[in-house]
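Below you'll find only one chain, the form predicted on its own, shown as structure tokens.
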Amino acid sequence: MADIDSGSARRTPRKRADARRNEATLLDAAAAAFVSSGVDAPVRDIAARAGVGVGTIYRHFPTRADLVVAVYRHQVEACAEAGPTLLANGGAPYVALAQWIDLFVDFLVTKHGLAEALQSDDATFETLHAYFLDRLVPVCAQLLDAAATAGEIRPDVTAFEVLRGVGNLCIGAGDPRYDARRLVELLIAGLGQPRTAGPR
């Protein structure tokens, strides 16, 4: 019996890991569909992207609001987890910061795709903005502090300012005449420029 129990204990975490991977694949597919077609993208299209049946989506997310919230949280978590990973890779903190901001821009593209739903009166969405700030402001602050300590950027910029600034630059990302990513790159490059001394 001990062998059977121990074998079962070994199998359970693997199933849970598989379930998490499958859910992540589904949420990535939904995010891509929301970007290309909006939050009203047909569930069958999301299922086809994810390689699952429509019933699988409804089993995990009974309503579209459930799916929207799950996509948003999945994107936030992926962005939050990437910050420490990039910083731990051993490169220059400024490079890690720039790479993370690039990921954050990718997230914002998805978030703006969800904007209409997130700004609705549905109580399901009420706590998402606070969740976004609680998870991402500390990550951005960690990256900024590391780069400032290394002398790579000016030390007087807060994480909230950077995230708000990047967010504002990304508002017009759907206009083909506007390159939000280029403007964000200029903003991040500006963090590394030392302040010029005033006249003596």
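Quick note: we count residues from 1 along the sequence shown, nothing fancier. Basically, rigid core = biggest C-alpha set you can superpose within 1.5 Å across the two forms. Everything numeric here is computed off the predicted structure, so don't read it as measured data.
The same protein has a further form, the form predicted in complex with the DNA, not shown here; the description that follows concerns it.
Using a 4.5 angstroms threshold between heavy atoms, Tyr58 counts as touching the DNA in the predicted complex. The DNA is not drawn, but in the predicted complex it has a heavy atom within 4.5 Å of Val43. The DNA is not drawn, but in the predicted complex it has a heavy atom within 4.5 Å of Asp18.
Under a 4.5 angstroms non-hydrogen atom cutoff, the DNA in the predicted complex has Arg64 among its neighbouring residues. Put simply, of Gly172, Gly38, Gly53, Pro138 only one has a heavy atom within 4.5 Å of the DNA in the predicted complex, and it is Gly53. Stretch-level contact analysis of 148 to 156, 162 to 170, 44 to 52, 129 to 137 against the DNA in the predicted complex, using heavy atoms and a 4.5 Å limit, identifies 44 to 52. Residue displacement note: Glu126 has its CA displaced by at least 2 Å between the shown form and the other one (rigid core superposed). After superposition on the rigid core, displacement of the C-alpha of Pro138 between the shown form and the other one stays below 2 Å. With the core superposed, Glu185 shows a C-alpha displacement below 2 Å between the shown form and the other one.
Figure legend: C-alpha atoms of Ala33 and Leu103, shown here, are separated by at least 3 angstroms more in the predicted complex. If you compare C-alpha positions, Asp102 and Ala48 are 3 angstroms or more farther apart in the predicted complex than in the form on display.
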